[in-house]
Every structure is written in structure tokens, then in C-alpha cells.
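Only one chain is included here, represented as C-alpha cells and corresponding to the form predicted alone.
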């Protein structure tokens, strides 16, 4: 039976040395030109030596006009420093570790202070209180859709040439690919919307364009929602159809997550989580058990894993092939080595609060506090599990500048 220590051969022929993967966490610490500096080398070197078989980067955006955060890394034809990307890749691939770049476009999920002209499949605004931070988008024209697809392909080819081991398309958590898949966000009546066949076209064309650039032996994965967990959104039934279609198209690894920032199930904050799910730890294990019967493509399951016993049980059952870890590695970069050495090992989860319920509800503490831990490691420091939550929120707000503070002050929720 496979365990977290077992190697895995992907369809393209790439071999992961073990089944532990660092799932993407947005670093938000690129320089003003959106290039990675020495902080990325220090942070990813820690994760490489920490024992992961696969490390997936945080959001690498493909258009500097469309950012999720102020200090995202961007790879595009202008202003990209390939030397810095190469140094990042060298540091992250130490210890026989695979480094994959997660490519993303935020669509309308870009803060007002970062984009005055957000785009989306359709011009549908976010409900309150999210409309405070995110402006109503305009609908993409077909020429713009084709341009975005070509940007994904260009970024993938560039990152391969700079030494990255693979690519992951971010198709989850409410970003642009996820918006195209969702009937809640995509009301188009042309070939890019309507039926599931139309809504999946954007993701498929991105995959095909990347495959053309990187070749058949280079790993390409995708991160998908098991469901959006919101009324009228991307359903579990549609998700299974999408997984089946992408598997047949030749994708090498499908990471399963779920939810959006409107319904953040991926952070374990939903009343929809069953007691049986909580006991087995992984949030989307039942979904993976179903979909693994439909496809042969390896599945990576992310969200909720805390103990080696639960990880090995999920692998032994055949529900998934790779275990995705995120927050555990933000507070303990050596956690994979500890898991491999001790069958009774488990991670500690921190209950985060600013002390103000309204602020906790409005602000994504699970992102800001853990991102601050990444910044500490990027500076060469160790994680600080007792770090002040309110201070992490303040640092995050300051990164958005005065405009971000003004938007927050206008919120009726605080």
C-alpha cells in the first residue's frame, strides 16, 4: 500500500520522490517590479530541505494589470527578471524536490486599489461586504480571452526555461478560471459560456496552449474546486465532469480543493463540514473517493490533513495519490521530515482572532497571519507561532497602501 514515503510516477514520466506536496500559498513579497528576490530563495530552500517531494509556488500572475495582491510575482513579456527566477528555481529544487509554478489570473477577484478595470467572464459584482474591496468587473471580449490564454502559455514556457519543474493552472477559489467554470459568475451566451462544454473551454484552451509550449514530457497540473459551496455556483456533479474531461485531455496531476473567498470551505470555516469529514481530517476526501473511480490521473488532495495516520489512510484507500499541505508548512517548514520519521506525528493548528468578531469576519486572517509567517522565513527567521494576529492584519493593510485603508474604513461590517 502506498504511504507518504512512496515515490509517484506521473503520466508524463516525472517522478515525485514522495507523496508530500506543499500546496500553493501566496507569498506576496515580490519587489516593485513583481520579480522574486532573495526572500524567495531563502523561503523555498527551507521547504526543499524540509522534506517535500513537490513544492508548488504561490500565485504567479500572468498580467501585471491584474493582481491578486500588491506584491505578486508576475511573468510576462515586459519587466520579467529571468535571472531571479533561475535563482529561485535552484534554491527550491535542492534535495531532489520538484518545483512547480502556479499560474493565475484573478479576474474580478482583484482589489480596487490594484485594478481600476477588473475583468471577468460576465459583469457580475460581488455581494456585500466583498463589494467594498472588489469593484464590479466588465465582461471580457473574445480577443482579451485569447490574449490571456497566450499569456499563460508564455509564462509557462519562460518558467520552464528558467528551471521550474512543472506548471499548475489555478482553477479554484474564485479566480478567473474558476469564474469561467461557475454558472454563478459566467452568464455568457457565446462559445465561452452557457453549457459546461462552453464554460470549460477557457481551462482547456489554457492547458492546450501550455502543452504546445512545454512539450509532452513536462508536468502540467491544475487546481480545481470540488464545488463552490454557494447557491448557483460550480457544483460537485459539474466538477466531476470537468475532472474527467481534463484527465482525458492529458493533465498530469489534479489538485482538489473547494470553496471561494465568498464561501471559504478550503480553510475549514464552514458549517457544511460533516463530523465524519472532521474525523478523517481531509475536507474533500469523500469527493476524491468518488472521482478517483472515474479517472486514472493522479489526484492531490489539499485541506484538513493534520496527522500521518490520516494521510496514509487516504493514500491506502486510493482516494488520492498526493497529500497537499499548506498552513502546517507555514509554521513548521520541517514538518514533512517529521512526518516521514514518526508515524504519530501531527501538526498544530492555531485558532486566529483579532479579538473583534466583525474584523475577523471581514478580514481573511487565515491568509494574512500565515503569509506573515512566510515573510519571516523569507527574511531568514524562523516561524513565530505566537505572532500577534492584529499586527499581521495591519501589515497586510499597509501593503495595500492608503487606498486599501480607505476601502476598509468604508465597510459597513466594521
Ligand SMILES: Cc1cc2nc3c(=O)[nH]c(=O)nc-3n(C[C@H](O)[C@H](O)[C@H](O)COP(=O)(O)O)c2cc1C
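Numbering follows the first chain given and starts at 1. Computed from a predicted model, the values in this text were never measured in an experiment.
One more form of this protein should be noted, the form predicted together with the ligand, which is absent from this view; the next part is about it.
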Check your understanding: Looking in the model of the complex, is the ligand within 4.5 Å of a heavy atom from each of 14, 17 and 221?
Key -> no
Check your understanding: Where does the ligand sit in the model of the complex: which of 78-86, 238-246, 168-176, 129-137, heavy atoms within 4.5 Å?
Key -> 168-176
Review point. So which of 306, 184, 93, 211 reaches within 4.5 angstroms of the ligand in the model of the complex, heavy atom to heavy atom?
Key: 306
**Study point:** Heavy atom within 4.5 Å of the ligand in the model of the complex - residue from 297, 109, 257, 98
**Key:** 257
**Study point:** Partner contact for residue 121 in the model of the complex: the ligand, 4.5 angstroms, heavy atom
**Key:** no
Review point. Taking the shortest heavy atom distance, is residue 288 within 4.5 Å of the ligand in the model of the complex?
Key: no
Point to revise | Exercise: residue 336 in contact with the ligand in the model of the complex, heavy atom 4.5 Å | key: no
Exercise for review: With heavy atoms only and a cut-off of 4.5 Å, decide whether residue 40 touches the ligand in the model of the complex.
Suggested key: no
Exercise for review: Could you run down 371-393 and flag each residue that has a heavy atom within 4.5 Å of the ligand in the model of the complex?
Suggested key: 371
